[in-house]
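In the form predicted on its own, a lone chain appears below as structure tokens.
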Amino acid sequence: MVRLNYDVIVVGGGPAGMAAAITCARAGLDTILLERGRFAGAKNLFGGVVYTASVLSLVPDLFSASRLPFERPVTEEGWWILSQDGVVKITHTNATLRESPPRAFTAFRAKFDAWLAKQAQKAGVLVVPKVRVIDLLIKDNFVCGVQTDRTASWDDHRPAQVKAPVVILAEGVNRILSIKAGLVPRDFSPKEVALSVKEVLQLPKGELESRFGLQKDTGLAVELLGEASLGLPGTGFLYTNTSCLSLGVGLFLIDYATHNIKPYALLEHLKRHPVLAPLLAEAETLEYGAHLIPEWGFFGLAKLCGNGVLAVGDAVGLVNPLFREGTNLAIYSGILAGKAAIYAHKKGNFGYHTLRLYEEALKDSYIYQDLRYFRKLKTFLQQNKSFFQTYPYLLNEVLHLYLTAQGRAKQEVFKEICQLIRKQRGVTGLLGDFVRAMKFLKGW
């Protein structure tokens, strides 16, 4: 980092930051990306689903690569609804999903981000790892660079300052720099983020395919509801990788504290579930970790840009948990922010009113429309816990009664089912839940 003046500085080497950097560099802007990890992805514990369309929008020749940064194509996906001792599986498989290109893949971000970094370097981005940005440089109310934890030179031991008329913040959920830039009024509260804990589990050779009914070119990605989160608003997940699987579960931080739940204990409880335990038998833990997921949603959406600065990805809160979207939204936001930086350089103006092109583009996109449509999701989940507590149990019990030949008249079975429903929720409760669900889905 000898030369310290650039056209664009990107802080953070995740998908959002890489997308912004690649977009800028391809337009001829002198771009530097600063990443605090040993390499891009080194500090990311994501093991989930990456949507193909978002990656193709950034790397159109993706499938010409000799080695893709993915694990398995996702050919079966849906939900496993867990009671204390059973499961109702609602999954979808489409034969066309096995055609090329697949709609989604499972991936590890340590591999995926490192691959994106190589694409960025090919585009001309200077990717500098092991650098922590400790402050912003602000002059006349304009962000004009960053201060790092590196020394300026061998002879000058002051913190190195890197300058550029545009700084793009892709710092993730811990929005320290976004707060300093005035894009966020405060740090997040425990009600606004979820903590997800995950293990990567290695099964004996051949058991992954055998236990989950997979072939070499197929993969499973399911969300785990109900008992997975102890009946609290939250979800678990199970994703199959090339030779291992990712298993995890997450709750809002406030629920961990309120109910005195230890994250590792929550995951162990899930692993011991009677349905999952046989599937995980003899599994070896390769990795354990936890990460925060922004859940502040539409009402807590950060200011997207200011004078000389833009924010992208998790730093803004671009996550749609209902549809398992995050990485794709990060990539799209990075591309849009990069285009705004390019426009600002063409105009020679780096103020908010120029960079707001990014804000306008994002608000015109499906990303903003979806965030607005599902703006009451968090409130709905927290106020309607029966969807996590009562209904998973009820659904499992009803199907158990319905599908079991017990040597009884079916009229008696139906009567027992009706009694069970009345006891657990009642007609009034069912109707009320249905109305509330419809209002939520209609975006009221």
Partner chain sequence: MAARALPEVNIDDKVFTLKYYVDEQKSHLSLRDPGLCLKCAQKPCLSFCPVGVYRLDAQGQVVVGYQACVECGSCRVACPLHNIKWDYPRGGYGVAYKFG
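Residue numbers count along the first chain shown, from 1. In this text the structure is predicted, and so the values were computed from the model without any measurement.
Another form, the form predicted in complex with the partner chain, is not on view; read the next lines as being about it.
Given that the partner chain is left out here, which of Phe70, Tyr51, Phe46, Tyr391 has a heavy atom within 4.5 Å of it in the predicted complex? Flagged contact: Phe46.
Can you pick the one in Asp187, Glu282, Asp156, Asp217 that has a heavy atom within 4.5 Å of the partner chain in the predicted complex? Among Asp187, Glu282, Asp156, Asp217, a heavy atom within 4.5 Å of the partner chain in the predicted complex occurs only for Asp187.
At 4.5 Å between heavy atoms, only one of the stretches 283-291, 334-342, 116-124, 359-367 reaches the partner chain in the predicted complex; which one is it? Careful reading of the contacts points to 283-291.
Contact check for Phe39, Asn174 and Arg272 against the partner chain in the predicted complex, heavy atom at 4.5 Å: Result yes, every residue of the spot touches the partner chain.
Answer yes if any heavy atom of Ala257 is within 4.5 Å of a heavy atom of the partner chain in the predicted complex; otherwise answer no. Output for Ala257 is yes: heavy atoms within 4.5 Å of the partner chain.
Please run the contact check for Trp80 against the partner chain in the predicted complex: heavy atoms, 4.5 angstroms, yes or no? No - in the predicted complex, heavy atoms of Trp80 and the partner chain never come within 4.5 Å of each other.
I'd like to know if Glu295 sits close to the partner chain in the predicted complex, meaning any non-hydrogen atom pair within 4.5 angstroms. Judged by the heavy-atom cut-off of 4.5 Å, Glu295 is well away from the partner chain in the predicted complex.
Flag Phe108 as yes or no: does it have a non-hydrogen atom within 4.5 angstroms of any non-hydrogen atom of the partner chain in the predicted complex? Yes, Phe108 sits close enough to the partner chain in the predicted complex that at least one of its heavy atoms falls within 4.5 Å.
Stretch 182-208 - residues with a heavy atom within 4.5 Å of the partner chain in the predicted complex: Heavy-atom contacts within 4.5 Å come from Asp187, Phe188, Pro190, Leu195, Val197, Lys198, Glu199, Val200.
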